[in-house]
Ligand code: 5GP
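Before any questions on binding or motion, here is one chain by itself as structure tokens, the form predicted on its own.
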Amino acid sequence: MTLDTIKEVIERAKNIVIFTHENPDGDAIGSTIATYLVLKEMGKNVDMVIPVFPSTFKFLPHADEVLEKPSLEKYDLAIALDCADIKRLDDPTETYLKSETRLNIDHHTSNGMFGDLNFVNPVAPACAQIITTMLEYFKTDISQEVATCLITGIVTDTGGFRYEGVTSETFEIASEFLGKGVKISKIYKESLNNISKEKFEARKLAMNRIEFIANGKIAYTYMTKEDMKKLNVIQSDLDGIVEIGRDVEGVEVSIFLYETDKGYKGSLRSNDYVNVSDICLLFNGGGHIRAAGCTLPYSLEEAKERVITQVKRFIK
């Protein structure tokens, strides 16, 4: 799918809605708000829908304009951002499928190409980086507000520029946005460093439960719905827990399971050689080579056994 075709579709559309994946992270939210602001500047009637908005990202400009559900039954164009599987699209009224044209912009290797138009670059470290390059191709003026949202997506999905997917283009974008007056250090602090007391207690509980398996090459921990209720946290407050296990010396794969209405959600991270996306695909999930997720519709004990059994197959 060429960018020129996407530009033509956007220019023709009057009413546009933007969705992203459930339990949205910084890349999902930053990409959504940035796209919303650009489309508003083009004179479009735009809704951005994020039913559950994490408090961590309320510092972003125009975050208060996010809707819990679409205002229209059907749109000229529906855009899915940072979502590999339509089943994970947080679209409470299934408006994406009802819309005239469906656009899918993403960077996950497991993307199902579920749009009428698909622009997927699995090499990009963040969806926000794809949107930045698209805007540059369209010769769109990127305002400071838009740049703030985009760099938030890039910073969070690269772990503060730490992950191997970071490219020279990533730093070129950061440099360009610094020149626009974007406070990257502040964004880093707000999105990655600042955590509530509730989040801290959740991380502490998860850390206390960590088990090391396969001679310390696998780290495993979990969180139940009862735990979350006691700690007064929601799913988005659990972001970053899986990284704790990965950061331990000798660990190749970190596994974090947390309970949802559909069973247990599995978040997997790896360090050097295991493709956790391949593992999650075995459970109808997916993601990136070093970061992926899946849903396990089992009890905690069975979910743990099944996922660890598969991870062990990939451990050297």
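Note that residue numbering begins at 1 and tracks the sequence as displayed. This one's a predicted model, so the numbers in the text were calculated from it and none came from an experiment.
Heads up, the form predicted together with this ligand isn't pictured, but that's what we're talking about next.
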Handout entry: Which of 177-185, 199-207, 123-131, 107-115 lines the interface with this ligand in the predicted complex (heavy atom within 4.5 Å)
Key = 107-115
Problem - in the predicted complex, the one of Val274, Leu37, Ala291, Ile50 near this ligand [non-hydrogen atom within 4.5 angstroms] - result: Ala291
Problem - in the predicted complex, the one of Asp227, Asp85, Glu145, Glu190 near this ligand [non-hydrogen atom within 4.5 angstroms] - result: Asp85
Exercise for the section: May I ask you to check whether Pro54 falls inside a 4.5 Å heavy atom distance of this ligand in the predicted complex? Expected result: no
Handout entry: Residue contact check: Ser267 to this ligand in the predicted complex, 4.5 Å heavy atom
Key = yes
Practice task
Although this ligand is absent from this view, report whether Gly286 comes within 4.5 Å of it in the predicted complex, heavy atoms only.
Solution key: yes
